[in-house]
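Next up: a single chain in structure tokens, the form predicted alone.
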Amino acid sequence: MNLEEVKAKWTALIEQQLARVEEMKAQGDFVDYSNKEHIVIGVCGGDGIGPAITAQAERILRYLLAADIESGRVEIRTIDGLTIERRAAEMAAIPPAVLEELKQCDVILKGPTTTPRKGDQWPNVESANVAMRKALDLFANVRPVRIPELGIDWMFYRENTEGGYAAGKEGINITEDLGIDFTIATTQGCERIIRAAFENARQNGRTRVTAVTKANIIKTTDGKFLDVFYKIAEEYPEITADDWYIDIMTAKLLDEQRRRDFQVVVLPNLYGDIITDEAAEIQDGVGTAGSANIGKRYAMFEAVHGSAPRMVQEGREIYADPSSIIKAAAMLLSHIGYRKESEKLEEALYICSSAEKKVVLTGRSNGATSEEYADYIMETLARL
């Protein structure tokens, strides 16, 4: 690029983000599902092992919501088309027709999707996850990690629409030797994720909220996040607010004494991506963790792990662990007001994965299939 082209692209990016600020200022409040007469749950299998494991989570949702599905209050819709093959054919992170289907739903249960990387067989289409978060303004990525026997009960609030990922495809190769990417922070974007974290703490009797940044080095954007954090903290005097830098925080999650003190953690996008995978690994691996992506109008719930194309290539997708997407289904239930059903499913997951372990998943033919594991969960639910 010559200098004038660089300036034009930089100007366009700034204008786009300024327009986004105005959109955020005009937003209303969160949807109140207790007042909704009809709730539409979209189930989007994705690709790789996604369809196989998402089908099991859907079976469990239908089991727990059977009465309200029959009465018509809840509708579950299958949404196809978010496969890498179709996305590559249309050169779209989310095919436009699929996005319109998603927008007709209130909440979405989404299986993993493949994100192309340099050197593989697919064209360079944007991550479907990133695109969905932007298109539906799912600004809060919420990931719980709970390990009672270790004294761990964490709730992570990762900002989803800003930071280093917001303009991930907008970087500029100014010359063959110089490439520049962008990180973005807005007052409105920081405020809404931080306030959501403090509200979660207040509503659930939690007494500490921790911000994670690198504000000592990245002074403008991380500095804004931290400034907004402490400003909002003043509105919650009953909650202790503190902050840590991302590098030492990754270490402290492994400190068996200190890590028990953390409760709610709020982070910019990139740091949240790193920390929540580390936390999930402590819990038993990313295959056990669910994730919520919440906005004021829409919400999407997904497995934390990827699409595992190697398992599909080897014909092992029927043995994939569905725990992560089932945990996401439990979070979905809680979000739309089915708190008792959510808690019951969480308890069944704990019994099946940690307490009894009568059915064991190995990812191979020497273990259970995902369908057999889902059957085990539903049998356990029937006993609770």
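Residues carry their position along the shown sequence, with the first being 1. The model shown is predicted, which means the values in this text are computed figures rather than measured ones.
Another form exists, predicted in complex with a small molecule; not displayed. Remarks below refer to it.
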{"query": "Stretch in contact in the model of the complex with the small molecule, which is absent here, among 86 to 94, 186 to 194, 130 to 138, 244 to 252 (heavy atoms within 4.5 Å)", "finding": "130 to 138"}
{"query": "In the model of the complex, the one of Y298, F156, Y165, F262 near the small molecule [non-hydrogen atom within 4.5 angstroms]", "finding": "Y165"}
{"query": "Partner-contacting position among N200, T210, Q283, T115 - heavy atom within 4.5 Å of the small molecule in the model of the complex", "finding": "T115"}
{"query": "D273: touches the small molecule in the model of the complex, heavy atom cutoff 4.5 angstroms", "finding": "yes"}
